[in-house]
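Each of two forms of one protein chain follows alone as C-alpha cells, named structure 1 and structure 2.
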Structure 1
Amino acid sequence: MIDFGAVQQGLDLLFSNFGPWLVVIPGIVLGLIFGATPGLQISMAMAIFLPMTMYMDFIQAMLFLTAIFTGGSFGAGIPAILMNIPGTSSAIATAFDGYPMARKGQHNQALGVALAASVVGALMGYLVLFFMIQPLSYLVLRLGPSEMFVVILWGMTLIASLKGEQVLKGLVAGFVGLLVGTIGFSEIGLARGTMGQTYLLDGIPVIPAMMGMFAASELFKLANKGFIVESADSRKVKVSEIFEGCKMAMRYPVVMLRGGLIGVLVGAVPGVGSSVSNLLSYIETKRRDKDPDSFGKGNPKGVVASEAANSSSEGGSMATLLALGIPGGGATAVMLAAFAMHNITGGPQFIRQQTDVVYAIIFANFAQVFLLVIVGLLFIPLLANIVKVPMRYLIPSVLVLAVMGSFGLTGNMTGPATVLVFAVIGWIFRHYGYSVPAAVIGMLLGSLAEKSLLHSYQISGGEISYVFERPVTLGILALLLFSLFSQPLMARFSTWRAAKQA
C-alpha cells in the first residue's frame, strides 16, 4: 500500500531547497562518460566519486549516485551502437542490431531508439518500484539458488537462437564460453583449467575478454574499410534523425513493456541484474517476432528490447537494496556503502521508519529520467561524430583505449593480454560462423550457474526430491519448457490443421 502522507513528506524533502538537485546533471554526465568509455564501469565511476558523498546529506548523496547509475545505463549503449563495443556487459544485446544499423548509416536513428527505450524502461522500473517495492522484496526472498539456476539455465538454453538456423554452432559457442567461465578457483577451492599459470587462478577477466571478442575482432574485419559507415551522405550527424529514432522506438510498445518487466524482475535478483536481463529480453523478442531472421541485421526492435530491459533493471536492483539491504550488483553495492557512510541500514526497518526518504529517492529518479532526455540529446550528437573518423585512426585509437581500460580493470598485464588473445579467438569464431555473443553469454553466466547449482546441491544433500518441494522452481521450469517448445508445437499444429482442411 502507498503511504500518501510519506509521499508528501518525500516531496517536501526534495523540493524544500534546491541543494539536492545541484549534483544530478553532473552525475548524469559522469555516468554517460564512464558508460560510453569501454573498460570503464558504472560501478567504477560510483566508487571513484563515493568519497565526495561524505560531505553531502543522505538525500543529496543518493541523488548523485543514482544519477551516475541512470546516465551510465544509457551511456553503455552508445559505443555498442557506434563501434560494436558494449560499454558494459549490460549493453551486449544492444550491439546485436544497433551496430548493423550504424553500418547501414542509421546511427542517428539507432541512438534515438536507444535513448527513448532507455528512458521508457527506466520509468517503468521506477513505477514498479513505487507501487510494488514491498511485494517485490518478498518475491526476491522466495528465490533460492535452485530458482537462480533454472533462470540462468533458461538463458543458456536460449543461446542457440542467437545464431538463427545454425543452432549447433550457437550451442558449441555457448558451451565454449561456459567452460572458459569456469577457469580458476571453484567455489570449493579447486583450481581448474589454469595450466599451471598463476594469473589464471582468479579466472579469465570477463570484461577484457568481452572487449577483445566484440571490439578488436570486429576491427580486424574492418581494417580494409575507409569508415565505419561507407557512404559519405550517411555519415552526417542529424538531430532530426535522432528524434526520428525516438519516434521509431515508440512504435513497439509491446517490446518495451516486455523488456521493462523482464528487466525489473531479473534486476531484482542479487548478482544477476542487467547483464542477464538485456539478453533475455532480446532473445524473447526475437523468438516471438514474425521475422526472427531480421534480428542481428539492423532490426530496431532488438535495440528497444535490450535498452528497455537494461534500464528498467535499475528499478529492480533498487527495490532489493531499499527493501532488503541487499545489493543487486556492483553499482548498488556502492550505494550500500553510501548507506553505511551515513549510518543508515537498508531493509524492512528502513522502509518502515524512513518511508519518506524512500519515496524521495524514487521521485528523484523519475526526475533524473527526464533530465537524461535533455542531457542525452545534447551528448549524442557529439559522440555520433565518431562515424566521421577514418578507420586508420579509429582502429589504433580504440585498441589503445581497450588495452588501457583492461589494464585499469585488472591492475596488471593480464587485462591487455586477455584482450589480445580473445581478439584472435573472436576473429576465428566470426570466420567460421560461430556465435561470438553466445560465447560471451556463456562466460558471463557460467560462474553464476555453477555457484547456484553447488549451493542447491549443498542445501538438498543431493536429493532430487528437493526440486519438487520448490513451487517457484517448478513454475520457472514450466515457463522454460513452454518458451522452448510452444512455437514448434504451434507450427506443427498449424501444419496439421491446414493439411486436414485441404
Structure 2
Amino acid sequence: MIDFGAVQQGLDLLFSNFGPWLVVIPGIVLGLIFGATPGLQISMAMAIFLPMTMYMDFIQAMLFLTAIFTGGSFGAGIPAILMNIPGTSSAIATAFDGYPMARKGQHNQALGVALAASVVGALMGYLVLFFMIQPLSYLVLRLGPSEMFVVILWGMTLIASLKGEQVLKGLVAGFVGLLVGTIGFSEIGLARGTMGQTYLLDGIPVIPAMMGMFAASELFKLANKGFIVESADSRKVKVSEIFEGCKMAMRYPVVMLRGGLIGVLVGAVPGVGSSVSNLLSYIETKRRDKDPDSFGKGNPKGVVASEAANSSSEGGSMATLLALGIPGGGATAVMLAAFAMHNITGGPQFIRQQTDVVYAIIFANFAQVFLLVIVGLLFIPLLANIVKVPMRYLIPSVLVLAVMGSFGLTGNMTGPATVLVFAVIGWIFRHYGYSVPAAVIGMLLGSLAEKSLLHSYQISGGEISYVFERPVTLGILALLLFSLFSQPLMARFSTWRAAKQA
C-alpha cells in the first residue's frame, strides 16, 4: 500500500532546500484572513494568488495553495462562532453550537475547540490519504449518479429534521430550497424560473443567498441587543481559555474520529465535499448523543463534529484530485488549474509516475497542520476581540462586508440584491420557525441533485428496475427512510411501553 522508496524521495524533495517552506506561513495567514472574512472564499483567495504560483516550482505552488486551504478551513469557523456567519458553507454546522457558546460567554473555549478539532481533523484527513489513496480512488469510482442523488436526499432529510418538533416545516424549507437551487439553465439547456431576467440564467447566486439567510437575517434579530455576549465579564479574550477549549475538544475523541472519517469519505465525493460533511458529522453526533436536545444550545461536541469533518474533507478532496484528476469543489478546482499551469495532469497515471511528489504534498500538509496551531493561536486572540465591539457598530460593519463580499462573488449588483432578498426571507423563516439551514443546503445542492437524477435517468433509460440493481443506492434509501421514520416510531413505541407499564 505504501511505496517506501517514493516516501524517501518525497522527503528529499521537501527537505533538500528551504524554498518550498517559505510560502507555507504566508499561505496559512492568507487562508485564515479570507476564511474568516464573510464573503471572501478560500477558493477566491486561491484564485487571486494562483498567478503567483507561476513563478514557483510545482511542489512550492502546491504547498502554497494547500496552506491557504488549511488556513481557510479553520478560518471559516471563526466568524461562524463569533458572529453566526459561516465564512464558507463548510462551517455551517460550526455556527449551530459555536455561536450559542459565544453568546454564553464561552467564545474563547469555542475557538479553542474549533482549532483543536480542525488540527486533528486535517491530520486525520492526510493520514488517511497517505495510507488509503489507492483504495479511496477505487471507492470514489464506484459511486454513480444514483448513489449521489440518494446521498443528497438523505442529507436533506436529516438536516430538515434537525428541529425535531417542526419536521414538516423543516422538510418544506429544505425541499423549497432544492427547487430554488434548480432555477436557471438546466443540464439539458432549458431556463426555468428566471422570469425573463438574464442574471438568473446561471441560477440564484448561492453564496450571497447563504450570506443573506444566515448572516443578515440573524443580524436583524440581534439589532436590539447591546453586545454578542451580554455579560461584560464574559467578553474577555483569554489565551488560557482558548487552551482550555483545545483540551475540551480532546475529551471527545470518538466525535473527532467519526467526524474525521465522515469528512474524508464525503470530501472525496466530487461536488459534495466539506459543505455536506460538516452537516452529516454534526447530525450523526447529535443523533448518537445521550442528550440530543443540548445541541444547538452551545454543546462543544457540535463544534468538534463540524470542524473535524470540514478539515478532514481537505484530505478526501485531495485524494480525488490526485487520484482521479477530479476537483471536489472550488478550492481543488483552483489546484487543478495550478496542475495545468505546471503541465501536470492528475489521475491514476500521476499517482503511479510521480508518487514521490504525491507523498511530498502529503508530508508538507502534516507540517502545515502543526504550523496552523501556532499561527492560529497567534491570530485567534486578535480576532476574538470582536466580542468586545458593541452590536450597533458590529452589525452595520458585518452587513457592509457581506454586501461588498457578495459583489465580489458576482461582479455586479446581483450579489448585493440577492443578499437583501434572502436576508428578508431568512428573517421571516426565523420568525416563524422554518429551518434556515435546511433551506440553504437545499439551494446549495439543488442543481447537483437534478444533475445526478438526470444522469441516472439517462443511464437507466428511464427503467425504475435500475435502482434495484444498485445495492448501495438501496442501502442509502433504507437509511433515508429509517432516519425519517425512526424518531416518530420510537416515540410511539416509548409511549406505548410507558402506557403498558402503567
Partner chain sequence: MPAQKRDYGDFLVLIGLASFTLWYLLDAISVSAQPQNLLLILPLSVIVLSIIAIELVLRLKQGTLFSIAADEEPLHQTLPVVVLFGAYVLSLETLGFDVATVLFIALFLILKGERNWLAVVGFSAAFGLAVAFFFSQMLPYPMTLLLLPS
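Predicted model only: the values in this text are computed from it and were never measured. The term rigid core refers to the most C-alpha atoms you can superpose between the two forms while keeping them within 1.5 Å. Numbers given to residues start at 1 and step along the sequence of structure 1.
*Asks:* Between the two structures, is it 1 or 2 that corresponds to the form predicted together with its partner chain?
*Replies:* Here the form predicted together with its partner chain corresponds to structure 2.
*Asks:* When you overlay the rigid core, is the Cα of residue 400 off by 2 Å or more between the two structures?
*Replies:* Residue 400: C-alpha displaced by less than 2 Å between the two structures.
*Asks:* Taking the rigid core as the reference frame, tell me whether residue 411 has a CA displacement of 2 angstroms or more between the two structures.
*Replies:* Residue 411: C-alpha displaced by less than 2 Å between the two structures.
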